[in-house]
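In the form predicted alone, a lone chain appears below as structure tokens.
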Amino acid sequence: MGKIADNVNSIEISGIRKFYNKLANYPDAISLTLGQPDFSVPKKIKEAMIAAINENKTEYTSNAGIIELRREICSYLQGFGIGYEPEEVCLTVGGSEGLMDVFMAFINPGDKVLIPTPAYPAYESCVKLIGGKVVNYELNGDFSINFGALEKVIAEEKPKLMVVSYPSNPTGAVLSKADSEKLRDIIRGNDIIVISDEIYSSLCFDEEYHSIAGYDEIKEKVVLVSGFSKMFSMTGLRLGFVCAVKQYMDSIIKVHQYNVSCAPSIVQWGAYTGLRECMGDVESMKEEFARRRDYLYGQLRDMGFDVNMPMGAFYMFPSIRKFGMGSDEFCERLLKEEGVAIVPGSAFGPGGEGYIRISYAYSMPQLEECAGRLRNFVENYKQKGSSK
């Protein structure tokens, strides 16, 4: 392995994919692993992409993407009080490319990057690939930011960047207005740049969507990363976007240009139509996710799990500490004994151990079947414990 870069050797395949890949050995198992909506891409988006092909809109676009979509993104964000101009927006090949572009634009070897734990595993892996140093910051029991711990770690570590991710994968937590104001004050008072991953922003259930990018006084300290994979169920079509002030965007686009040149043209035209004509589809999808969330939450509580009600995204993150086993063992046994695949909390960093992630981006019949199997697993565990 000596010829492979140390930075590559220092990371592993995503724990989410690692567990999903185990399904090949369990053909009868049901998966609740991936964050992929089970809805079809809205019809008008499909039609727009087909029309783009027929109209030969298949050439390179500008590096930043078509101006029509960038304008529409600005208009969409303005509805949440987030102000960007089209030249401050860049279309990317999914939110994942957007994240990597931003990290590469800012991180020098050894630079410290604050990442919450638990959190989406790509943050840490991207930082390590580039040669940055990961510093975790703690969350509260409800997965909101522990501001006392955050201020302490900023003072001690002097990080260059901080990642914020709300609505959250894997916890489903959202950023409240009060917490967004506290975070704004911390950002304003420190020499730090925040990367705000808002890919699930269209899926806030009972709370309003509060973005740290909505405060003009810290606009030059925030980079917003988002996309359309979750909003329009366009996961395989790969279209995201980055928003940043021009002084940062000029550098981010350099990375983007030499990485992919531009995002896929026909998908950009599809998303443009989506923002203009398909927000009703998004609302319908959100209502169905809320119904599934309520069902799964009730089932887990009835089984005795300690679990927070998710207020966004489509994940539930119950504690398994009372079961006396680690998250990897819990998930391995559940897969082998009951044929249900979920993701161990360990996949999301040290703060994820003691939890499991269940995606409810699956149909209600699948959720009902998995809930029944999980109940069997829990009852068998209790019976074995009481017979000792």
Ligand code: PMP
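Fair warning: this is a prediction, and the values are worked out from it, not measured in the lab. In this text, residue numbers run from 1 along the sequence as written.
The next section is about a form of this same protein that is not shown, the form predicted in complex with this ligand.
Proximity to this ligand in the model of the complex, taken as a non-hydrogen atom within 4.5 angstroms, holds for one residue of T273, S144, S180, S229, which is S229. Out of the listed residues P159, G214, P318, G94, G94 is the one that sits within 4.5 Å of this ligand in the model of the complex by at least one heavy atom.
Comment: 198-206 is the region of 134-142, 106-114, 198-206, 285-293 lying near this ligand in the model of the complex, near meaning a non-hydrogen atom within 4.5 Å.
Proximity to this ligand in the model of the complex holds for all of Y123, N169 and R238, with the criterion being a heavy atom within 4.5 Å. Of the heavy atoms in V102, none are within 4.5 Å of this ligand in the model of the complex.
Within 4.5 angstroms of this ligand in the model of the complex, the stretch 150-164 places no non-hydrogen atom at all.
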